[in-house]
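Heads up, the chain below is alone and in the form predicted alone; it's given as structure tokens.
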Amino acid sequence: MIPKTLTVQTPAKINPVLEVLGKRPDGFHELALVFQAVGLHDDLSLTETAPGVRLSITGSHNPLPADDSNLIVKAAKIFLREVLNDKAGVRIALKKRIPLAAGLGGGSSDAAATLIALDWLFETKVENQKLQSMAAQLGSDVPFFLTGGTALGTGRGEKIFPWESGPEIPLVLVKPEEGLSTPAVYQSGKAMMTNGEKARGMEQVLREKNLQKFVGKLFNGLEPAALFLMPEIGEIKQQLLDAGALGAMVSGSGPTVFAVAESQEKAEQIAWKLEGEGWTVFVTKTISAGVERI
């Protein structure tokens, strides 16, 4: 009998709005943020095997562990234990495109995709609430990627409220060579505290499908901290704006900067102007989907 195999695409994300509301008793920060899936993606191929989890990785320029420290392995082990009582196993092949430590949620997206793909592969029809519970064990961004599209996140970012998707927005993503540690960004003491109104207000802005208004509402309370730790981010932002971007902002805890372009053609022109600077440059767009079978 031929083993069942399934391949899925796992999207990256940007955060058009990220507000830090304050520090919680558990040491984490209370957030209000907007998640937006984008077209840049990794590919995951899963094959049913005897019990156990094996992961292989291609496409990553940086060493990426394939052991129990990898979120994909953690996600697979949680699913196999909690849903299948460790009576089945999986071999997973990751083709990596989303940069590491970039503020684009690549690891979180891969973890969510692993849960979804295992549910499809083994036809277990796990309830959404159960999937959300497993995702929350893996990281604050993971629950968003179970739905993708556009959503408001609260708490540590793990409480997800899906929104109707806004307009398709052309984007340029620029990542410096070095990554940024999320804990270091929070621990810098440079984050800007706000009250959550900016994130909640973005839903109406997206409904209006006005690109200029959308750009005017971009906000990231972690950007001052990211700029403090990596001044190069400021240079990237300025170059993007000088090249014709309508607006630019750090995504998540950085260091990737996303820029909004008036058209896909304009996005290509902006990207061309920034290539050759030693940065990784992608042209993409916002998408209304999440994890998809291919």
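Keep in mind that this is a model prediction, so the values were computed, not measured. Sequential numbering from 1, following the sequence displayed.
Just so you know, the form predicted together with cytidine-5'-monophosphate exists too; it's not on screen, but the next bit is about it.
Option touching cytidine-5'-monophosphate, based on a heavy atom within 4.5 Å in the predicted bound form, out of Asn85, Gln204, Gln187, Ser133: When cytidine-5'-monophosphate is considered in the predicted bound form, the option within 4.5 Å is Gln187.
task: Could you work out which of Lys217, Arg91, Arg97, Arg156 is the residue within 4.5 angstroms of cytidine-5'-monophosphate in the predicted bound form, going by heavy atoms?
output: Checked against the cut-off, the match is Arg156.
query: Out of 193-201, 137-145, 171-179, 208-216, where are the residues with a heavy atom within 4.5 Å of cytidine-5'-monophosphate in the predicted bound form?
result: The contacting stretch is 137-145.
field: Close approach of Leu31 to cytidine-5'-monophosphate in the predicted bound form, 4.5 Å, heavy atom
entry: It does: once cytidine-5'-monophosphate is placed as it appears in the predicted bound form, Leu31 has a heavy atom within 4.5 Å of it.
- prompt: Does cytidine-5'-monophosphate come within 4.5 Å of any heavy atom of Pro63 in the predicted bound form?
  reply: The answer is no: Pro63 has no heavy atom within 4.5 Å of cytidine-5'-monophosphate.
- prompt: Could you tell me if Pro183 has a non-hydrogen atom within 4.5 Å of cytidine-5'-monophosphate in the predicted bound form?
  reply: Result yes; Pro183 sits at the interface with cytidine-5'-monophosphate in the predicted bound form.
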